[in-house]
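Quick setup: one chain, the form predicted on its own, written in structure tokens, and binding and motion questions come after.
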Amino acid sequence: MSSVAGSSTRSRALSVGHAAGWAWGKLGDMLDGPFRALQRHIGAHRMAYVFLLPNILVFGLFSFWPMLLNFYIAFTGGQSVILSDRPFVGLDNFRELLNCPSYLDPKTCPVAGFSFWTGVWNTLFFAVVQVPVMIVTALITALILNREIRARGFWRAIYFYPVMLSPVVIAVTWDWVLKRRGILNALLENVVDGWNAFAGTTLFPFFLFTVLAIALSQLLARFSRPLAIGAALAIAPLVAWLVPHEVWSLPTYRPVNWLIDARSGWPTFWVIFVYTWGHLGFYMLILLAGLQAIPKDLYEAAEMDGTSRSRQFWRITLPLLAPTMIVVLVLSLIRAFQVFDEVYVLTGGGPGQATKMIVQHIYESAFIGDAKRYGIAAASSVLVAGVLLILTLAQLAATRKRAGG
């Protein structure tokens, strides 16, 4: 019965497939005549523009038109979204953003300038720290995953998986981990309590004796093995049984406000960590492709010459991977200047203004609060677009240089 049912299902699937193919063929026949007539009218060399036209229209509607609109709004004032109701103010919005007694101290700036320059400096600090961390971590991960290790495909998928997640999902997940009553504080508290409980047991001196004996014997073995063994047997028991166990106990763990205490620096650290964790797989994949493009015979020749692994890395891997790393550097810089989603969901720009980025300033200027300052938001985004344009041109130059060899 099951074979009959399966045969019937396959027959229905084939029928549906044949029907779809027939309909698709008929549609092609219907369009063939008009397209032939159009080709005779405009010429074969212009038909490419006809096929590109739908994409050009969509791209222009959702990319070019908003860019032109934003550029126009940057030179207007008022709170209306209707363009005809927005008065032309020239460069006033840019002057308000740039009119600051000290760019290094945003507190000396007016309200709009304070928010703008706070976002600028926070974003610059984020980019300067996060980008090198991202590149080094991605390079190390790519080097490891390029080797013949067990379950290499599985580990590549694991590291790439966060890239497929929504930034909001990433931020919410890490918020569960990092809040005061979150997973990290609970884990650290259990570790401290468990260690203190273990330090008070009768087994702890034996554990301490074993660890100290091994450490001392390894440390002194380079001088004299009998001396190492004698010192280990003489010192380790004294330390293990005569030193009170309270000395080895850890202080009671107090839950840390990882995302709230600005003086500790933890909010900035975790913002960089979470963003790096979420985007690491993308850059790792690019570097992995670059590593696999390096000819294997170079490494084989180096091994035949007795070249060490570290020298192979500095003399072969790094120079040949440099063009790929330049692309990764420019891409990660551009993404770092656009950081918003993860940080906004994770910290909301706080505590205070500690993690407020430039894109958050643009968003809040335009959409948060009763006074919607679309002109200030648009002017800020024009300035940021200028920086991104420079980075994009640098990427194009690096790509062309790579293509040219």
Partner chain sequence: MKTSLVKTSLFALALAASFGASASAQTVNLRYLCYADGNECDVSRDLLDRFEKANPNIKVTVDKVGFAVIREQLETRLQGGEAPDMARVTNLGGLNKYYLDLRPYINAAYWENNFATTLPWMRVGKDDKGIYGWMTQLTVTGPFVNKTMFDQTGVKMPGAGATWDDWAKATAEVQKKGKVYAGMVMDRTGHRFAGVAISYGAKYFDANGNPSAVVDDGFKAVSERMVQWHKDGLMPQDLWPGASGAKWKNAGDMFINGDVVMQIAGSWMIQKFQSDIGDKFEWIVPPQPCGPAGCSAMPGGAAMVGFKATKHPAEVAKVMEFMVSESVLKEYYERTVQIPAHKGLAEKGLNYGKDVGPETQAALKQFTADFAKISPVAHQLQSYQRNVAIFNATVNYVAQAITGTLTLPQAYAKVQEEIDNAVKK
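No experiment lies behind these values; they were computed from the predicted model shown. Residue numbers count along the first chain shown, from 1.
Below: the form predicted in complex with its partner chain, not depicted.
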- Item | Lys372: touches its partner chain in the predicted complex, heavy atom cutoff 4.5 angstroms | yes
- Quick one: does Lys107 come within 4.5 Å of its partner chain in the predicted complex, counting heavy atoms only? yes
- Query: Wondering, does Phe367 line up within 4.5 Å of its partner chain in the predicted complex on heavy atoms?
  - Reply: yes
- Any of the heavy atoms of Gly352 lying within 4.5 Å of its partner chain in the predicted complex? yes
- Checking Gln312, Ser224, Asn257, Ser264 against its partner chain in the predicted complex, the residue with a non-hydrogen atom inside 4.5 angstroms turns out to be Asn257
- Message: Under a 4.5 angstroms heavy atom criterion, identify the one residue in Arg181, Arg147, Lys296, Arg150 near its partner chain in the predicted complex.
- Response: Arg181
- Note on the structure: Given 343-351, 47-55, 65-73, 33-41, the stretch touching its partner chain in the predicted complex at heavy atoms within 4.5 Å is 343-351
- Task: Pull the contact list for 65-84: residues with a heavy atom within 4.5 Å of its partner chain in the predicted complex, in sequence order.
- Result: Gln79, Ser80, Val81, Ile82
